[in-house]
Structures are given as C-alpha cells and as structure tokens.
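Just the one chain here, laid out as structure tokens, in the form predicted alone.
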Amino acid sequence: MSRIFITGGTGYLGTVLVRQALAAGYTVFASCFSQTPPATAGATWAVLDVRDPQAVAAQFNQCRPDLIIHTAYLQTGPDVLPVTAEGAGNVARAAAAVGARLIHLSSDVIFDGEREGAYTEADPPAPITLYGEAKARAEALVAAAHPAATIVRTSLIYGFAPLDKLSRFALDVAAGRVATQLFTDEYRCPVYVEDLAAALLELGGIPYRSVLHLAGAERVSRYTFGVLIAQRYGVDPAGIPAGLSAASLTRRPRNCTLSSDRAAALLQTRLRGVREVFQAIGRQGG
C-alpha cells in the first residue's frame, strides 16, 4: 500500500503516524479541522470536517488512498456524537466506496470496567460515559459500512516528544500545580505512541478484519502511572494524592484492562509496557 490518508493528522497519534508513514515511504495525505497543520515536508494536508459525508467522500475520491487510518475524534462537548460516532460512519462509507483498507481507532472506555480480568475482542461494548457511548456507536457504524475494516481498541496514549496531556497533568499534580487525586483503583494499559503508530502501519498491510486490541503490555493504575512519570522527570511523587474512583461522585469505568494477545501473535511490532519503555528510553530521553 503506497497511498495513506490519516484523519486527525494534527492530533497526538496522528502527528506520529504522519511522520512514521513518510519515513516508511508512503505517499501521505492527512486531514485537520481546527488546528493548523505543521509544515511537514512530503505530506499533503486538507481541512476536513468528518461530520460532512459529502466532503469526506470528495476528499477520498480525490486522493484515492489505499489505506485510511481514522484517528479524528472529540472526547468532550456537544459535538462528541456527531464527530466521534457519526463522523466515523461517514469515513467508513467513503472508504468502502473507494475500496480503501480502513483502520478505525476505538477505545477501552467502551467497557463499563466492572470485570476482574482483561477484556478481549469478543467482549461486547457496555459504555457508561458519553465518550464511551460515542466510541461504541462508532464501532457499530464502521462495522456496518465497511465489514472488511479493522476496529482497533487502544488505551491511554503517552509519549515524550512532546509530552502527552496525561503525563503533563500527572506532573502538575505531583508539583502541586493541580489539586486533585489520582485513582489507585482505575486501571488501564497505557501504550507508547511510537509503538502504537508502528503497529497501526504494520496492520495496514495485513488483511485482518474485525476488532483488534492494541494496548500496552502492562496494566497500571492511574496513580501508578503518575508516580512513574514523576520519577522519570525527577519530581517527588510524594506530592501525588491517592484516591479511589469508587468513591467519586461521577461513575467511571474502573478496570479497562485490554488483552492484546491476539495482536502479539499477529504483529511483529511489540506494544511494550510502561516500565519497559521508560527503561529503554532513559529518564530524560525522548
């Protein structure tokens, strides 16, 4: 596959995908909406509103991509459902119309987080948040419009160059700039953005359809992740207050552990755990 289109190309994952795809020799097309695209040599940018099915179809008809990786979404606000859910359906229908391979990015928060062990690809969505509902709806729309698509569920995405929002937030909490607690009973499988992008590009060349989990190999609590980030940047983690999600007034999915065993058997790219990534990169490396 030589021509790739990345929606949400100015987002945290999208930016890395654009860079890695260019390095791999793809002809890269990418879209943005509210953010100004970077001056990335070799990439062709378009302003695209995924809520507009005609605009999406016209863009794909013009570019004729072989592979589309759909990362664009909204997590909060009144347009969560129109962008995150309906927009994904628009992308899937347009991708099917031009015969493009489609990889759609979903999330671990489509689950209610009430089970003890890890969720597998066979587990049905049971969202308890608006964002989770939007992602679950998106999965259904994508599967109906493009049955050959791959729906990738992932977890918290982190990285260092630049630092991701979650890690910056943890450092602010540790330094006392933000007064809040990090939960010790809310579990995720954070995935390093470079690993995830590489896995997605590898997956683009594999005729796998249906759902696939791509999450980090290590399950950690929000609190533990914050402690690890603080230690990496030389900030005393003693400043991070610990709390319980179960005691929160807002219902949140607590255990969103994903099993990525199927991906490990399918792909050569390794989705490393947090501690392994930190050890490999070093305390201040990027």
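Being a predicted model, the structure only gives us computed values, none of them experimental. The first residue of the sequence shown is number 1, and the count goes up from there.
This protein has a second form, the form predicted in complex with a small molecule, left out of what is shown; the following refers to that one.
Undergrad: Which residue, I103, L212, L156, L182, has a heavy atom that falls within 4.5 Å of the small molecule in the predicted complex?
TA: It is L156.
Undergrad: Which of these residues, V28, V220, C32, I240, gets a heavy atom within 4.5 Å of the small molecule in the predicted complex?
TA: The residue from V28, V220, C32, I240 that makes the contact is C32.
Undergrad: Between the small molecule and L13, R51 and L74, in the predicted complex, does every residue show a non-hydrogen atom at 4.5 Å or closer?
TA: Result yes, every residue of the spot touches the small molecule.
Undergrad: What stretch, of 230 to 238, 58 to 66, 32 to 40, 248 to 256, brings heavy atoms to within 4.5 Å of the small molecule in the predicted complex?
TA: In the other structure, the partner sits against 32 to 40.
Undergrad: Test of understanding: in the predicted complex, would V83 fall inside 4.5 Å of the small molecule by heavy atoms?
TA: Close contact exists here: in the predicted complex, V83 approaches the small molecule to within 4.5 Å, heavy atoms only.
Undergrad: Taking any heavy atom pair closer than or equal to 4.5 Å as contact, tell me whether F169 reaches the small molecule in the predicted complex.
TA: No, F169 sits far enough from the small molecule in the predicted complex that none of its heavy atoms falls within 4.5 Å.
Undergrad: Can you work out whether Y131 and the small molecule are in contact in the predicted complex, taking contact to mean some heavy atom pair no more than 4.5 Å apart?
TA: Within the cut-off, so yes.
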